[in-house]
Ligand SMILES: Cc1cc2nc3c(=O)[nH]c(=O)nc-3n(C[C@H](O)[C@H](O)[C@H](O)COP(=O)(O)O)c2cc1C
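A single chain, nothing else alongside it, follows as structure tokens in the form predicted alone.
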């Protein structure tokens, strides 16, 4: 059941030293490509990386929050083309969510690494760094990298008590009511 998948999914940053099977990679790619897209423009591009040395370079894409990628057997770089759609960020985000949920469904762990609007150092953005590492074509933007692998850590899903039901309004902002599904 879909809600069960959502209840189970957590960001996983530690992975077993075991490659992700090609059949699983194919399913992950299909999940991204089946993502909804505004006006069906599909502005996204994905770079699937399994070469440890390239993953290691990507793990250095920003000073904080990417180093764990070095131990992941799979990285998928989510890119978008703003020349194709003005809502490339949203479309790429939707594809990324599909990727995370497909990984969870396959028993894999995953974690989002924000690249857009982050810095590699004082003179280079994280996007520019990743663009150089991967040889991306001009104009292609990098939204994120998703680390994927067989989880080495186990995390329980978020408890119901952590859900922010107080941020849900009914009919008009600030109105409470409605039903809370459990």
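Numbering follows the first chain given and starts at 1. The model shown is predicted, which means the values in this text are computed figures rather than measured ones.
Below, we turn to the form predicted together with the named molecule, even though it does not appear here.
J.: Test of understanding: in the predicted bound form, would residue 11 fall inside 4.5 Å of the named molecule by heavy atoms?
T.: Contact check for residue 11: yes, within 4.5 Å of the named molecule in the predicted bound form.
J.: Residue 46 versus the named molecule, in the predicted bound form: is there a non-hydrogen atom within 4.5 Å?
T.: Residue 46 lies outside the contact set for the named molecule.
J.: Give a yes or no for residue 65: in the predicted bound form, does one of its heavy atoms lie within 4.5 Å of a heavy atom belonging to the named molecule?
T.: Although the named molecule is absent here, residue 65 would touch it in the predicted bound form, with heavy atoms inside 4.5 Å.
J.: Is residue 113 close enough to touch the named molecule in the predicted bound form, meaning at least one heavy atom pair within 4.5 Å?
T.: Yes, contact at 4.5 Å.
J.: In the predicted bound form, which of the stretches 51-59, 130-138, 65-73, 29-37 has residues with heavy atoms within 4.5 Å of the named molecule?
T.: Checking each option against the 4.5 Å cut-off leaves 65-73.
J.: Taking the named molecule in the predicted bound form, which residues along 132-152 bring a heavy atom to within 4.5 Å of it?
T.: The stretch does not touch the partner at all.
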